[in-house]
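Form predicted on its own, single chain, as structure tokens, below.
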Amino acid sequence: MSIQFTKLAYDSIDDFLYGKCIHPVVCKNGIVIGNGEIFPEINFTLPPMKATSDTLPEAKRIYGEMLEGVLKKARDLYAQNLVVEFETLPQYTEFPEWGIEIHKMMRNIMWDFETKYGIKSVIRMTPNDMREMNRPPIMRSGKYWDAMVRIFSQTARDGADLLSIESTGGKEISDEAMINADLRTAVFALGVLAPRDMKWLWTNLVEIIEENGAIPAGDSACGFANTAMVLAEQGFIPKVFAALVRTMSIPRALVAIENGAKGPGKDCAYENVYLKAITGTPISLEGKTAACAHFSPIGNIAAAVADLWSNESVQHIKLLSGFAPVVSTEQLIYDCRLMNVATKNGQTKTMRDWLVESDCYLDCQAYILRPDVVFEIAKETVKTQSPFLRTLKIARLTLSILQQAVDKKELSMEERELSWLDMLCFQIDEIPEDEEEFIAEMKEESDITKYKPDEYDI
């Protein structure tokens, strides 16, 4: 049965801090995420190479080399606890035995380091959502879903601590909406299609993961909100549209926790800050130390309430000092060490507020991550249980908050962005609040060759 969230997990914004949450997650080796310290989460991937059965031995060698380098750096810098994410290449989910084999090798290396050196590490396994490989996507059956079930269940049995995914339900409609800054279609994708898929997906994933002894951690709106953020960073769409997509992804993301996900949420899910405020679950985030993967205007503020601090991902390439995954590990360890020292000295809130203030006035995508704004939007989110109505109400409130910030001269926005702010306010008011009426309209307007309505029960 789904959980219903009708109020925030926190009574005071003063308690909404990094490294600590209401419902910490206890991992198999005793590491507790969200119990007062922030830990690094390192993610790495292969250099450019083909992922085939012929290259699998070389891929295993490289993954092992990356992991050993990371763990040695943790040992050298006295970092006793860290999370390692294995986010598979698509081929390693499509052919699940390949991903299972690499995971088992990595898990054994991590156990070995814990035995020899006391370096406790947790592995987050993140298989791909392969369902979109069919066009239009088949969401609830078929060979791609079967492959996903296989890799989730077996890696959980083999010792994975955390299982996550960047799910793609609704992305086949969202992609064009992101490119065109089309708010109406974005609402259809994020407020109608995605939550329906999330409910089915996470109901099934939680059962698969828990019966095999692992923790169902969380999802990410990477394919939606991060796509918009990167497009805005490159100047293709307005930043205010990207900010709006970010908050509109909250209801979709919340469905995972409503149906059994426990956290920590996925690092690339900046919507996590809202989930933490509503549910009290721990979250991973990324910012300035993820510049190796993508640029963003939210490098400091992203860390303000994180429980894990991630680099997103980095390829195994040689830099002057060493291989890039080891470089990222050192950066993350030092970031977390500073934040934990602030906590030890009773300055967590001060550090949090500095992280917020350094970014929030310079970009609307940062402004919406301010703790006070997060609380205001999160409170609106829990007033209704309908993901569609939540999406509409959040969109209207986000636009209102940004307009007020501009009027108070708290937020700097270019003239082009201000024009879009006005246009988006008009567009959101054109969308009916009756979900069935809106679905009927969108089934007439949208390209029916791109998605299968029955896969979303519409």
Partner chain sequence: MTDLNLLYEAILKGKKKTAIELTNAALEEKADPKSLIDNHMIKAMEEVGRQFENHEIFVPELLMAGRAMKASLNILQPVLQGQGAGVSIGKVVIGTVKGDLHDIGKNLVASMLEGCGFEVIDIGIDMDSAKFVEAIREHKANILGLSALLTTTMPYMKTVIEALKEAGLRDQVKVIVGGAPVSQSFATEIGADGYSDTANSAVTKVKDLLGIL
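In this text the structure is predicted, and so the values were computed from the model without any measurement. Positions refer to the first chain, counted from 1.
The same protein also exists as the form predicted together with the partner chain; that form is not shown, yet it is the one meant from here on.
Partner proximity in the predicted complex, defined as non-hydrogen atoms within 4.5 angstroms of the partner chain, places exactly one of 383 to 391, 352 to 360, 233 to 241, 147 to 155 at the interface: 233 to 241.
The closest non-hydrogen atom of Arg135 lies within 4.5 Å of the partner chain in the predicted complex. Leu89 belongs to the set of residues with a heavy atom inside 4.5 Å of the partner chain in the predicted complex. Although the partner is absent here, Lys50 lies within 4.5 Å of the partner chain in the predicted complex, judged by heavy atoms. Contact check for Ile179: a heavy atom falls within 4.5 Å of the partner chain in the predicted complex. Of the residues given (Gln315, Gln331, Thr343, Thr185), Gln315 alone sits with a heavy atom within 4.5 Å of the partner chain in the predicted complex. Among the residues Met413, Leu56, Leu46, Leu397, the one placing a heavy atom within 4.5 Å of the partner chain in the predicted complex is Leu46. For the stretch 94 to 116, the set of residues having any non-hydrogen atom within 4.5 angstroms of the partner chain in the predicted complex is empty.
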